[in-house]
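Presented below, as structure tokens, is a lone chain in the form predicted on its own.
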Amino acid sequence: MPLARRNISSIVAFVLLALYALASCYPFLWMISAALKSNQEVLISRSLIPQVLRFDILTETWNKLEFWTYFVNSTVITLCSVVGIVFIYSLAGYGFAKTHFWGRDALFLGFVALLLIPSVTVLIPLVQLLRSLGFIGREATQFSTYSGVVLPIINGAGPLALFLFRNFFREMPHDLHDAARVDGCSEAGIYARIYLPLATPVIATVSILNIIGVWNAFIWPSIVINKDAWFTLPLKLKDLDLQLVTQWNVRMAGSLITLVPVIIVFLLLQRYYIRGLTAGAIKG
């Protein structure tokens, strides 16, 4: 391809990507702008730059949200879910990648095929099952209710997490496995001492994907959690504005406050996230 044509193609691609990035970022920028405006200015002004900065909106919304109480609830559910997902499916991924058993490939394809099943299709039977087991309902404790939230989330995250872990472990040299076996290390020891410490990129990728999903989850927690004191931040957020006139600045301030922890986690782990997607998906 001639150099001039290649440069034109690069410029066109850059412009298209820049426009796409701008369109993707605009809602987030509007949310930040609205959180710093009066509600009247939100309704009449299209500018992203507030005429008068209203930091008091963020302060008042923080207090209305009772942030720390519901932050703890969200953190407990998110951490339990992510730790369970990483532990269970890193083990499963290692088993599918480095051990041999009858029907291994067919079973793996069966798990991956579950990605095609919409989660909403199993919502009613799942609720009935958890209710019969005592995980949810009026008599359920906070521990059992949170277990009813976390266990289906762990199960639902299985296909993608298993896919990423299995592909990552499969690309690692099998000589490491053979050398450890010669030295007398068990399969559990090989997994814990050799493969898992090397899997930081895919662990970060799986963790970020599920932290975002679990932290922002609304439908499933709203079905299972039946007491206000046990709500997560997204559930509390829906009760933030009960006035007849919608207070868009308050809603956007609450959304911004709720998103900040996820943004911080992503910024801390983003370099591992990219490496994990490359190793776990492209090589697979």
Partner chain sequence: MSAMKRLSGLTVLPTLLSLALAACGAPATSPSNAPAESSVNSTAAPAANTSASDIELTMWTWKVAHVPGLEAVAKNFEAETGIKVAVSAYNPDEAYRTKITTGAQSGDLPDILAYWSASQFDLAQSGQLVELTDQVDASWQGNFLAGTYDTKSVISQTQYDTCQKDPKCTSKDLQVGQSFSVPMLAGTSGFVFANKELLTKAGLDPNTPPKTAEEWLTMMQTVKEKTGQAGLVTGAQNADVTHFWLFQPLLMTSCGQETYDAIYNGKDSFTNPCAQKVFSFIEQIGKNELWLPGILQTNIDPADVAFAQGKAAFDIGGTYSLSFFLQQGMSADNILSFAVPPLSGAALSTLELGASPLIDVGVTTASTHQAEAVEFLKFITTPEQAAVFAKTVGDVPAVKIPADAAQVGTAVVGLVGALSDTSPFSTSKAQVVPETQKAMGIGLQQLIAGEATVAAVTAQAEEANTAGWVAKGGVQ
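Note that the coordinates shown come from a computational prediction; the quantities given were computed from them, not determined experimentally. Numbering follows the first chain given and starts at 1.
Omitted from view is the form predicted in complex with the partner chain, to which the following refers.
- Taken together, the three residues Val72, Ala179 and Leu233 all stay farther than 4.5 Å from the partner chain in the predicted complex, as judged by their closest heavy atom.
- With a 4.5 Å cutoff on heavy atoms, Lys64 does not count as touching the partner chain in the predicted complex; it lies far away.
- Proximity of Ile225 to the partner chain in the predicted complex: non-hydrogen atoms within 4.5 Å are present.
- The closest non-hydrogen atom of Arg131 lies within 4.5 Å of the partner chain in the predicted complex.
- Proximity of His174 to the partner chain in the predicted complex falls outside the 4.5 Å heavy atom cutoff.
- Residues of 112-151 that come within 4.5 Å of the partner chain in the predicted complex, judged by any heavy atom, are Leu123, Ile124, Val127, Gln128, Arg131, Ser132, Leu133, Gly134, Phe135, Ile136, Gly137, Arg138, Glu139, Phe143, Ser147, Leu151 in sequence order.
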